[in-house]
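In the block that follows, a single chain appears as structure tokens, in the form predicted on its own.
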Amino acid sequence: MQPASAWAYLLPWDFYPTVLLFCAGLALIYIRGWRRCRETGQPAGYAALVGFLTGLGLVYLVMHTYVDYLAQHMFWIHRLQHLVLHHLGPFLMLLADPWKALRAGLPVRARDLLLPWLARNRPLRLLYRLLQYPLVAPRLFVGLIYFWLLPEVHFGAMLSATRYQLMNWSMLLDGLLFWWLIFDSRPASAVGRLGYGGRIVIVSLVVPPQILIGAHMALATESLYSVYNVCGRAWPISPLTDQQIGGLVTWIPSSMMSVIAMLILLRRWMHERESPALPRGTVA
């Protein structure tokens, strides 16, 4: 089934209020804060604006348009959807270093109530530190990919609206946490900030498992995901070809993004080391 017009491809196939509120709310808060940062002379370039909104727009595209329908009826589109939710969307959003703009964009009352509450909430802080712990973050990042690709788990997720949403949101939230750990731009002295060397190691460690699972699907001689036979495929393509393309999507683009992240980190590391150190006692 296809929409009657080109415009309909961008309309929600299944309406999810949480997706709309998340994407629209985050976009409005960011734009408002970005404008305030520029008005007060704080760094807020157009590249950051375009990068953040592009990443957020891609997240909306794969979760709340006709692409979501295709992802439920084509395995390789599903893998493309998760590439955006887990990799590309969060990558672009966090590379833009959005925290100052998001903080500035919050209503004053919400900022005064929410941020101190988050800072005082010990269980949330402990959970955050656990998820961002260098030995946990890469395992969780790769583990979620493997978990949702287990044939029996994937079968159940694709036939349950609740589990399907849980799958997509877990990939998005984990992607945001992971790429925040990688692109954290706080000063080197900030508590909990991981050094560039550690980040490069983490990014490199998540590559081989993704190559293995991608190659396993791409080089398989039989179809592993029968759920798409049950749901019906959107396009006339053989199950094995669908799976092989999905394996390539999992294998190549995700690995390339890790390479790009390493290059960005190396550039930042070199820039930080080349920057003249402040004399002791000087206030920055």
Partner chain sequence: MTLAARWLLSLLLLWQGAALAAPQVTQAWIRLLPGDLPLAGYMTLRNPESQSHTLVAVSSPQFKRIEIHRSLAQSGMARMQALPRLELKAHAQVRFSPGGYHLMLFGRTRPLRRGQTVELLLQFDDGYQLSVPFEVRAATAR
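Worth saying up front: this structure is predicted, and the values here are computed from it rather than measured. Positions refer to the first chain, counted from 1.
The same protein has a further form, the form predicted together with its partner chain, not shown here; the description that follows concerns it.
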item	value
Close approach of residue 233 to its partner chain in the predicted complex, 4.5 Å, heavy atom	yes
Its partner chain contact at residue 45 in the predicted complex, heavy atom, 4.5 Å	no
Residue 40: touches its partner chain in the predicted complex, heavy atom cutoff 4.5 angstroms	no
Interface membership of residue 57, its partner chain in the predicted complex, 4.5 Å heavy atom rule	no
Residue (of 31, 252, 215, 237) lying close to its partner chain in the predicted complex, criterion heavy atoms within 4.5 Å	237
Interface stretch in the predicted complex with its partner chain - options 237 to 245, 57 to 65, 31 to 39, 252 to 260, non-hydrogen atom within 4.5 Å	237 to 245
Sequence-ordered list of residues in 21 to 41 near its partner chain in the predicted complex, where near means a heavy atom within 4.5 Å	none
